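Below sits a lone chain in structure tokens, taken as the form predicted alone.
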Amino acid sequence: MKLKDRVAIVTGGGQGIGAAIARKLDAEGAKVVVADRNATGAEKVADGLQDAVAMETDVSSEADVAALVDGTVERFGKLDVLVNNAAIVPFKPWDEIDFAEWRRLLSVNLDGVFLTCKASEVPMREAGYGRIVNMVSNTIMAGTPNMAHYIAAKAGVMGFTRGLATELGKHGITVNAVAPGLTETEGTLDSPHKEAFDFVQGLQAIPRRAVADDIAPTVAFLASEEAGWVTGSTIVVDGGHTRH
């Protein structure tokens, strides 16, 4: 178990890819804090894990994020891994995006990553060890329609990942990103994005639908000691939809 005795926070862990990541980290031996605005979903996921707790958290709230990190350290004594998965995934044509919508999305998808990283690096720096994994998206490379503000936020997270890796490497903290493609989750199946699966499969090297469990192993690797010499990188996990 590559994460035995490690303590991890997974934001947006109440469903979809976040839930799959929480389960994978748990299977690798980590103690997991499942953080989500959906308290019921977070509790359901945490209840299925070996040593986990759910915390209702809005990552766009500085107070909520401080309570999340403080609560984690109080409960488990430390914080080794942060997975920034919480995000709003929109489907909105450019002509319908106003500034209020732009700010609503960036407050979660970009500001939320800043807030969680800023709070989490304190106990990590004190310990001289940490793994931060930020979830981005292959839409950055594909320029997917109806997602301009989402793409802007995720591209911002990718750039922030590179910059933060430079800042925190001397403290024993790595910072990396994972970029999934279109993935079958509760959220995508309940949105207009579900109509894109057949088209996207035709573009992939591996012609099947991605599921959340396809994404989680890469996150677990980056969260582990095995990835100690990997930082500032973005790993695309999309079945060969976008090739680099």
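These numbers come from a predicted model, not from an experiment. When you see a residue number, it is the position in the sequence shown, counting from 1.
Beyond the structure shown, there is the form predicted together with a small molecule, which is absent from this document and is the topic of what follows.
Comparing 143-151, 69-77, 100-108, 169-177 against the small molecule in the model of the complex, the single stretch with non-hydrogen atoms within 4.5 angstroms of it is 143-151. Mapping the unseen interface onto this chain, Val89 counts among the residues with a heavy atom inside 4.5 Å of the small molecule in the model of the complex. Using a 4.5 angstroms threshold between heavy atoms, Thr139 counts as touching the small molecule in the model of the complex. Looking at Leu182, you'd find a heavy atom of it within 4.5 angstroms of the small molecule in the model of the complex.
Using a 4.5 angstroms limit between non-hydrogen atoms, His193 touches the small molecule in the model of the complex.
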